[in-house]
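Quick setup: one chain, the form predicted alone, written in structure tokens, and binding and motion questions come after.
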Amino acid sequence: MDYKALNATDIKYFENFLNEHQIITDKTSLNKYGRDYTEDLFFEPSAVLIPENVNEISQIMKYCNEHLIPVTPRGSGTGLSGGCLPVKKGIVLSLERFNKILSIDTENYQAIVEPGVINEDLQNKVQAFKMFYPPDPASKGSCTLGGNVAHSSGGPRCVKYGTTRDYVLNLEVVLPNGEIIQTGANVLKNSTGYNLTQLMVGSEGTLGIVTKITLKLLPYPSFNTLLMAAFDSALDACRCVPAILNAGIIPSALEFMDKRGVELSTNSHQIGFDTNQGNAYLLIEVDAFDADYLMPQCEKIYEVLEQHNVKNILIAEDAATKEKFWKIRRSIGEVVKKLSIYKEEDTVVTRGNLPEIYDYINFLSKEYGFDCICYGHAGDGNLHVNILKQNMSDEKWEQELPKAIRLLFEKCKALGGTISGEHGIGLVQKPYLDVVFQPIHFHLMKGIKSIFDPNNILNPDKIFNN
């Protein structure tokens, strides 16, 4: 596709309905919009537009569609797959001012929000009404709900409560041609035609721009207990995961951390925690509406842990200790990014295959000579593999490492898994999509893309090459 280069005439058109603070063209300000949390990638946009209402987005999209100007939607830029990087230059359309919680319906347990609302802000707001929005990515304090919808984000509590996909009831969407649609209805049951809402969730901003989200809420479970279990063997920790669920316990969180990740996190944030207790850790949370229900769950978990050679079990006796344990877990990704250029692979397999995929990761690291840190949502079989560049040569990083990543993904596929559990495909995982999809899959997906976006202006070259 030959895209049109943005020029002064285009900017002048946008000035007809956007004020000067909504149009960014200076190099210094553009810089931050050319990056996200993905490795060390940078693609400078030609301009950034910051609309404040749906009609402004509609006008922008209609104009860009008619003039073949690429548009890349952006939330807070915390993504890990390069999904919001403007690889074809053009316009970054930032949704940062779509940051309002529009309504909280306590009778129907729903919230209507704009896509720029921070995940944790919604969680805190609805908790005041004793309601619960479960999806909680590690970046919940900075990631936006629009970004969560784009990737069907998850987080620790998916093991019991599911991902973003399970909570989206309806969306307001601006299509690439500027038309505004509702994808569904604000109801719990809907068997009316194709499910456009679920098609949009996880589409990574390639089919339309979400401007309003109706979310399902749950009653808030007021009581929880948090355990930190230390193991000498990471494989024992992995084997313990399906055993906990087989014992009839569905934890509200079941997280895996290797020793290196725990060390980095505790040292970086000066958290008082003895990291010599084990070589791997499980962080296990159970929640309930009745405090009396927690202890029987914990007793069963203790039994399973002891059957899997647990070395030590710590219980968070107070809110401060709970916060400390969670900070260790949630900070690992952040501190790894500061340590080195890295690639974060978002592998996911069936829970019972966690030991095998972890063992294979260790095999690949020795075979290809890379250092990595593993952590993730063990209860979902979702393991984040952070591969560190450190002293690896550029040639090996660019030429040899992709071979190891492809082998890792092929192993995931062979174990009944796939190449991304919650981070999406975006830009950096495109080369590996053929590991899990056949030509017919690409044909169908490209057909869907061409119907929504025939001129291919919306977030082009993401997920697959257009």
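These numbers come from a predicted model, not from an experiment. Residues carry their position along the shown sequence, with the first being 1.
Just so you know, the form predicted in complex with D-malate exists too; it's not on screen, but the next bit is about it.
Interface residue among Lys343, Arg260, Lys88, His377, judged by heavy atoms within 4.5 Å of D-malate in the predicted complex: His377. A heavy atom within 4.5 Å of D-malate in the predicted complex is found for one listed residue only; from Arg157, Arg329, His308, Lys389, this is Arg329.
Here the chain stands alone, but in the predicted complex its contact with D-malate, taken as any heavy atom within 4.5 Å, falls in 330 to 338 among 330 to 338, 274 to 282, 234 to 242, 361 to 369. For the chain shown alone, Asp36 is not a contact residue for D-malate in the predicted complex, no non-hydrogen atom being within 4.5 angstroms. Contact annotation for Ala138: at least one heavy atom lies within 4.5 Å of D-malate in the predicted complex. Of the heavy atoms in Val286, none are within 4.5 Å of D-malate in the predicted complex. Residue contact with D-malate in the predicted complex: Ala111 places no heavy atom within 4.5 Å of it. Annotation for 416 to 434: interface residues with D-malate in the predicted complex are Glu422, His423 [heavy atom within 4.5 Å].
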